[in-house]
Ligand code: OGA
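Only one chain is shown below, in structure tokens, and it's the form predicted on its own.
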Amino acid sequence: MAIEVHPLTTHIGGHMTGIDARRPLTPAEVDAVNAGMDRYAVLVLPGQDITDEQQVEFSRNFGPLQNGANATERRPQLRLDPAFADVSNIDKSGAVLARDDRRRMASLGNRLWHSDASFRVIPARYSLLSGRIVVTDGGNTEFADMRAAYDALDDRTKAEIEDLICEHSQIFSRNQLGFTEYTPEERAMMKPVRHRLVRTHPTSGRKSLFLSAHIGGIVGWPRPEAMAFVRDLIEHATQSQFVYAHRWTQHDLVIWDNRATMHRVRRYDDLNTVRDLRRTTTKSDGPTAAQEAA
């Protein structure tokens, strides 16, 4: 079957057919996916009924994997292999997480606009999310095009932000929701890291905003001023003309480039329905900024 991609919005998102994630890809197929990602930043591959092992092998075509376990998930509690980020609402036994479950409360941060692994020195390249069990009422995943958002800024703002460095940590995003239950070990793991606010995509050459709910400050700025400014930028970047909202169907495989997008999940009835989505994530090329000395 020939590979075809059809745009989903003016700026962001492509619907790709002709790729079978269950089998090894040819170099030409890998190139086609990368080219689609450079153009659309988000690709939807429908009908990918894959196993965990197949998802891992498919993901390895696009770079080394990041360990997907969140810092708030203790290893004995993990439902999936550490190669995965478990964005389901169920525990190891398959039971729906209770309202006050620690993992559930921490995962509510996924409802904030963010970029995966921006809290790491080496942030994410691609995220690959497999819809094993989906819901039909709510639970959409929204993606915002950080390239188009950057392009739409006025020249004065572009000049102002060109060399700004932001500090990212999971603690910043979770604190927005009132989640503060961290052990000393977790706090040590989640020390802020630094990233450029503006970065250039290594293959497309386009500039984009590197925004995320994980941002807790701008180096050299008073924190209240920094957070007000970041909030304004996020409000600008998530206007409807820059956003694709994905309504899940079972076995969708959605891939997005964290170097060019932000995303969030929309609310659904996670206390009474099961939603099982499994994410693998590949590493970006390296830090976007020099880190603060330890």
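It should be emphasised that the depicted structure is a prediction, and the values quoted were computed from it without experimental measurement. Numbering starts at 1 and runs along the sequence shown.
What follows is about the form predicted together with the ligand, which we do not show.
With the ligand left out of view, the stretch that reaches within 4.5 Å of it through heavy atoms in the model of the complex is, among 109 to 117, 216 to 224, 185 to 193, 160 to 168, 109 to 117. Comment: the ligand is not present in this chain, but in the model of the complex one of 87, 80, 96, 197 has a heavy atom within 4.5 Å of it, namely 87. Residue in contact with the ligand in the model of the complex (any heavy atom within 4.5 Å), chosen from 129, 148, 134, 124: 129. The closest heavy atom approach of residue 265 to the ligand in the model of the complex falls within 4.5 Å.
Residue contact with the ligand in the model of the complex: residue 16 places no heavy atom within 4.5 Å of it.
At the 4.5 Å threshold, heavy atoms of residue 244 stay clear of the ligand in the model of the complex, well away from it.
Taking non-hydrogen atoms only, residue 58 never approaches the ligand to within 4.5 angstroms in the model of the complex. Within 4.5 angstroms of the ligand in the model of the complex, the stretch 268 to 283 places a non-hydrogen atom from each of 275, 277, 279, taken in sequence order.
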